[in-house]
Each structure stands twice: as C-alpha cells, then as structure tokens.
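Below you will find one chain, with nothing else, as structure tokens; this is the form predicted alone, and questions on how it binds or moves follow later.
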Amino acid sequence: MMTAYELILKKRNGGELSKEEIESFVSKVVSGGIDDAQTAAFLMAVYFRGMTDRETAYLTDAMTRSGDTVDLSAFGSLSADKHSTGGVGDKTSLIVAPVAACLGLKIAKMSGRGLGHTGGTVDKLESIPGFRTSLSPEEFISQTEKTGIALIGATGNLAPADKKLYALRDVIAAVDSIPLIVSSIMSKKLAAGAKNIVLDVKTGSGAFMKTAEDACLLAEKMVSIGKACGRNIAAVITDMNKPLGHNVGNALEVVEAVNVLRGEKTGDLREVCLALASNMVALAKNMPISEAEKLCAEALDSGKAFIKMKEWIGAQGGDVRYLDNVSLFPETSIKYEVLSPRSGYISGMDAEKIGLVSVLLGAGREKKDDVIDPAAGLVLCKKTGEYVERGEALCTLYTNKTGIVRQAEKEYLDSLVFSDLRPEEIPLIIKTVV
C-alpha cells in the first residue's frame, strides 16, 4: 500500500489513482492517520492536476461510505431529495418539498446552515417559533411516513470525510475544483439515501459556478455519478445573476415562500420551484415532465401544497399560526428604503454582494459560530431588467443593528449597474441535465 507521500507524488505528477489508493487515503483522513499538511498537499495536487471521471467516482464512493448512511428503502421508489449549489434568496426547499409531498413523494431531507453570502434552509425554518431541526432517526423516518416531509440539520457523522476535506479546501483556496465539488455534494446526497435526486445548479454572480459552461460541466459529472450509483437524478441549471425572488433573510424568505404556496405571488421563484418539483415527480413516478408540470402547478394553485407545508411545520413543532398570519413574525427596529440615485434600467446585479449586504444587516454569518437575526435582511423593489426613476425605492433594508445602515446602503448601490437601455434577458432555466 502506498504511503501518503507516494500517493501525493503520484497525483502531483499527473498519475491516475486506483480505487484502493483513494479508499486508503479517505480512510486515513477520517481516522487521523494522515496530517493536515499532507491532506492539503493532496487536495492542491488534485486542484492543479484534476481527476479522471473514474477517480472522481472512487473518491465519491469512499466519502459516501466514510460514515453513517440513511436507509430510506422503506419508501421504495418514492424517496426524494434536492440540493442547491447555493445562492441568494434561495428558499426553494420550503416550496418544492410540500409540492412534491402532495403528490405522494417522501422527502426525507438534511439541510445546512448559511455561511458567507448564501443562506441556509435550517436557519430559515428556525425563524418559525418552535420548529425543531433535530429529530431522532426514528422520528425522522416516522414523520416522513406520516406527513411526506421531514427536514433536519445534517447529522454529525454523515460523510465525515467531506467535513474534513472541505474545511481544508476552504483555507487553502482549493474550493473551486470540479472533482472535489462533485465528490463533496454527491457523497452527502448518496449517504442521505434518497432514490430520486434533483440538483439545482446555480450559475452567475451569486453562484459558486460563475459561468454556464462550468455549471453544465459540474451538473453532467454529478448526474453521471448519481446514475452509476443507481439513483434517478436530474440537474436543473438556473440563473443566479440576481437574487431569487425578492426577499433575502430568514423570516423574510419564509414569508415569501408562504406567499407562493398560497398563490399570492408569481414570478421567478415560483418558476424555479415548479421546474425542480416537476423533475422530482417525473423521476419518482417515471412520467413525462409535461405531465409532472401540470400536477405540480395544480398542487400549488389548489392550495394543497400550502396545507401540506402547515402539516409538515406543525409536525416538527413549528407554530403554524405564523404561516396563516405572517404579520406575527417579529419586525426589526430599523427599516430603511434605499432610493435610486438616477433614472434608467437596472442592467445588472451582483447577487453575491447583495448576499453580503444581508450578512451585514444580521441575516447571515461570516463565521460558522456567528449568531443570526432571523428578522434581518432586505426586500428588493426592483430587479435586473426593470426601469426605475431617480428617487424611487430600490429595496428596503431590515436590521436591528445601529450604525450600519449607511454602509449597507452604499454596498447595495455598489451591487447595481444602471443603463439607459433595457438589458438582454437571461433565461431563468438555462438547461436540464438528465
């Protein structure tokens, strides 16, 4: 068996690693049999030399089996999961899960918290008083069986190799390596046990993959590995050159999700959610996507999906009165309108910068242990492609932090590009990979 030194040297020199070599490396990472310096050296060798599809599959498999796995076999072909590669204003899980569960799917899902400019589904749900994001394994399966949905924070020992590797990738500037991204995402999804997986691969200024070409490549590799592991899988590539929807911030995003589920709001958020839910239903029920689209739209329009959301939230201890009456959510002490400095079209938005504005306001984390304010965030009045008059409101900032409004206003204005000409429209759904 190769030593860690020999394995790093082989990859540094462009060699292809065997299944046994990769399994040995992952095992040593989890057990502590290899130090951080050598692990970092290996990751940087992968960053520069890349991995073959076969190596990436071996790495994903080894990481999947590095810890616990969830057994959802009791749900047969109906277990389903979704994953987003991260964006701003992305509250799709709050809508997609109830829509899919209305149609008989079983959504047993683990989600993360927000970090940096991207929000986290767990944080959004915890803005609902009483909602429990920790369930015992028995409660997790039982609730999924009864209501069709259970959504919790990721367990401590699900793909532990990924936790160790990601922490190092983050500090050595090796995050944006496609083989390492693929193995990180897919190891967690495969360990989570769902038969049907839909990936929302974001691209644009607020996404990790800045170009559509890179997003397509990532999607194709993840779909290929999912299929090789016996899963039904699709990847929907969606635009993140502007925030999704209008609300950015935890309670604010719950309110917007409720408005979509109650049929009170249409637009880009509803469109993306229907695309994701339709692909999920089409995979699980082996039906044409056009038929799945009709069923999902009816679940939304009839109000059934909203009823399902309340059933799910109530089952996990959440106070459903907040869903029936969103004015119950606490408001911030400061509400500030950002006014347009000129007339013209908004021709561009830097969604990542807007996400960082929400962090500044208190809605997100710069470090993992930062405390968030569930009421903080911003509501967009105008988005890319819309015309605005000088002095008209561009957005409203919500915060309980004094002394930061002027900075937040400046940073928000810096995120916008104005033009006298209407910009060319970018498709919201760029491509679907199946």
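Quick note: we count residues from 1 along the sequence shown, nothing fancier. Everything numeric in this text was worked out from a predicted model, so none of it was measured.
A second form of this protein, the form predicted in complex with a small molecule, is not displayed here; the remarks below concern that form.
Heavy atoms within 4.5 Å of the small molecule in the model of the complex belong, among the stretches 232 to 240, 136 to 144, 198 to 206, 182 to 190, to residues of 182 to 190. In the model of the complex, no heavy atom of K82 sits within 4.5 Å of the small molecule.
Interface membership of R169, defined by any non-hydrogen atom within 4.5 Å of the small molecule in the model of the complex, is confirmed.
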